[in-house]
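In structure tokens, one chain follows: the form predicted alone.
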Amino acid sequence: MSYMLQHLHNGWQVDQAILSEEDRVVIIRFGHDWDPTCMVMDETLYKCAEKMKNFAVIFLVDISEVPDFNKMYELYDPCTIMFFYRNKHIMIDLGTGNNNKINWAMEDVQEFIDIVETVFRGARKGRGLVISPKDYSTKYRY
């Protein structure tokens, strides 16, 4: 479903997407369209895009086509979701130890919408770090 979501093809477009949005959270999925993890995440993003259109906008960035941010944002995972609001990176405490991004595919649409709503509410209040509505520290059962 990645073809249904807007792609950004260079660093300037990514910067403009982050800079130009004043009222909504900018969600950027860094990864590859052909990656299975990204395909799952893109499906989730597509399903929730219409429901979140009033408070969030979604963009996809291919990290091979646009390598500009790979070192800056430590984009080493196959699929990475990051949030920005008014030109500021919004961190989210998911209980995983990495507050900068979501680096796994989420299949539950409502769960993802809840996270984005939390990010939006916190960012609107001026918070740079928000707490996730769900703790993912035990996501993987060892």
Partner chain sequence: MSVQSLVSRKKKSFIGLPAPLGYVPGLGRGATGFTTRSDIGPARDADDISDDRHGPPNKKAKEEEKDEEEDLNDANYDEFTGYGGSLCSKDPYDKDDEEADAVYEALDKRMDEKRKERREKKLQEQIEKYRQERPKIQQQFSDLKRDLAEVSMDEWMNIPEVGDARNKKQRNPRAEKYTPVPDSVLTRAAGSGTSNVLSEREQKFGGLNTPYGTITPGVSTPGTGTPGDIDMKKIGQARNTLMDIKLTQVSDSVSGQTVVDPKGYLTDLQSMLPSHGGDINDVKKARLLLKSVRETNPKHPPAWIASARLEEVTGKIQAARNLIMKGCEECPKSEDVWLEAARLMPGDQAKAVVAQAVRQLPQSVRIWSKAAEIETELKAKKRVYRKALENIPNSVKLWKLSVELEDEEDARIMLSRAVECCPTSVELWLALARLENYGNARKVLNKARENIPTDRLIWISAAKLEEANNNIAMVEKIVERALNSLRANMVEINKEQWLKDAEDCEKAGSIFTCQAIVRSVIGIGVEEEDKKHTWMEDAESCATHAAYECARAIYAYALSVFPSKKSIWLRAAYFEKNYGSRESLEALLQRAVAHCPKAEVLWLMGAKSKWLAGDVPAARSILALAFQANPNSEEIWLAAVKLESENNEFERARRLLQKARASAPTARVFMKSVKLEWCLGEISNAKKLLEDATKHYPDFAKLWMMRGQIEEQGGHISDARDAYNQGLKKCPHAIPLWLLLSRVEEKTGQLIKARSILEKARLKNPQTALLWLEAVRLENRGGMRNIAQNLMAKALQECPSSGVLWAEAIFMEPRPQRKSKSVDGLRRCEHDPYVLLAASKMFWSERKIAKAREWFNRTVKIDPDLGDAWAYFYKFEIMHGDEDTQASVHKRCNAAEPRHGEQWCLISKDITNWRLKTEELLPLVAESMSIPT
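Positions refer to the first chain, counted from 1. Bear in mind that the values here come from a model prediction, so they are computed numbers and not experimental data.
The same protein has a further form, the form predicted together with its partner chain, not shown here; the description that follows concerns it.
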Is there a heavy atom of G95 lying 4.5 Å or less from a heavy atom of its partner chain in the model of the complex?
no
Taking heavy atoms only, is V116 within 4.5 angstroms of its partner chain in the model of the complex?
no
Any of the heavy atoms of L75 lying within 4.5 Å of its partner chain in the model of the complex?
yes
Answer with yes or no whether V61 is in contact with its partner chain in the model of the complex, where contact means some heavy atom within 4.5 Å.
no
Residue by residue through 93 to 111, which ones have a non-hydrogen atom no more than 4.5 angstroms from its partner chain in the model of the complex?
N98, N100, K101
